[in-house]
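Take a look at this one chain, the form predicted alone, written out in structure tokens.
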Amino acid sequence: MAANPGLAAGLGLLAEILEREKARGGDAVPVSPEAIETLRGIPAVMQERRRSLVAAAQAAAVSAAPVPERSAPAVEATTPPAPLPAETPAVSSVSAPAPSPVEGAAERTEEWRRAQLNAIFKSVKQAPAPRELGTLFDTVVFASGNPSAEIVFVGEAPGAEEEKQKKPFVGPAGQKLEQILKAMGLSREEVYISNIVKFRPKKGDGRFQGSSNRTPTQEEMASCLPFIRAEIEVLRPRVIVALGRTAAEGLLEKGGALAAFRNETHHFADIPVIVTYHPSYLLRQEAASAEEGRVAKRQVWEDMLRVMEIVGLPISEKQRRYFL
């Protein structure tokens, strides 16, 4: 979907004027009342653009994922379900609507969830909205983990290593996330891990990007938002963990500082959302100094204690005092 040409031209002209005045040594630019009014309207134009992207993506849906025939309630498994295989990721698509909801938890078997998630993944591969932006690479990086997980972790977008392995959170940030899970008494295979954007964002045309990464734009997240909505509808976890401010803004569709996001419990599709720092932030703080790393880890751990309380996981006194 092409960008608004008028808005793009206006912003480009504004940038040229500011650069020219900067080169001349000026520190102020005279602006007419009409221009001020136009500039004030830019946020509204961008918000409308975001809404139209989501609406267009949802309207493009033609067929829903199949709903299985009703069957007798399954016997509850005594062992946790196996994780989703990396080669058959499960994702929802901008071009496909959320799978039709099923009445009764008895029908939401692991087999049913896998079928629904794989249908979503297949639809993502043909999704036109993200590709038409021209700012994302072609490789789909969907999700990994337990389709019956009670906790879902959502990041912003895959990086170079994730694109290479076609699996989210496999680089240094992924290793840090696994350390957090271990402290919670969990493994990667017991939770579900995904991203809002299912494709690695490009820098420029991507030809000289190499292994460097960038944060996805609001427009890119809006084009992929129906995917994660469909995933959540299939999974119906007890809690969602948004990793980082960008993921929080994309999921909750509102801006804000991460500190403010952390201060309250949010909701996505009526499911509690806990916002915490991205694992890469912990890595940066640890590299800065031991004290900064300790403070950041404690903040994340406080958020994880809230997650554990929501899910009902046992919390020992040692865990409560972790990093203190």
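What you are looking at is a predicted structure, and each value in this text was computed from that prediction instead of being measured. One-based numbering along the sequence shown.
Only in words, not in the display: the form predicted in complex with a small molecule, which the text now covers.
- Contact between residue 220 and the small molecule in the predicted complex is not found at the 4.5 Å heavy atom cutoff.
- Of the heavy atoms in residue 169, some are within 4.5 Å of the small molecule in the predicted complex.
- Residue contact check for residue 162: one or more of its heavy atoms lie within 4.5 Å of the small molecule in the predicted complex.
- When contacts are judged by a 4.5 Å heavy atom cut-off, residue 231 does not count as touching the small molecule in the predicted complex.
- Stretch 153-161 is the answer when you ask which of 220-228, 234-242, 114-122, 153-161 has residues with heavy atoms within 4.5 Å of the small molecule in the predicted complex.
- Although the partner is absent from the chain shown here, 173, 195 and 278 each have a heavy atom within 4.5 Å of the small molecule in the predicted complex.
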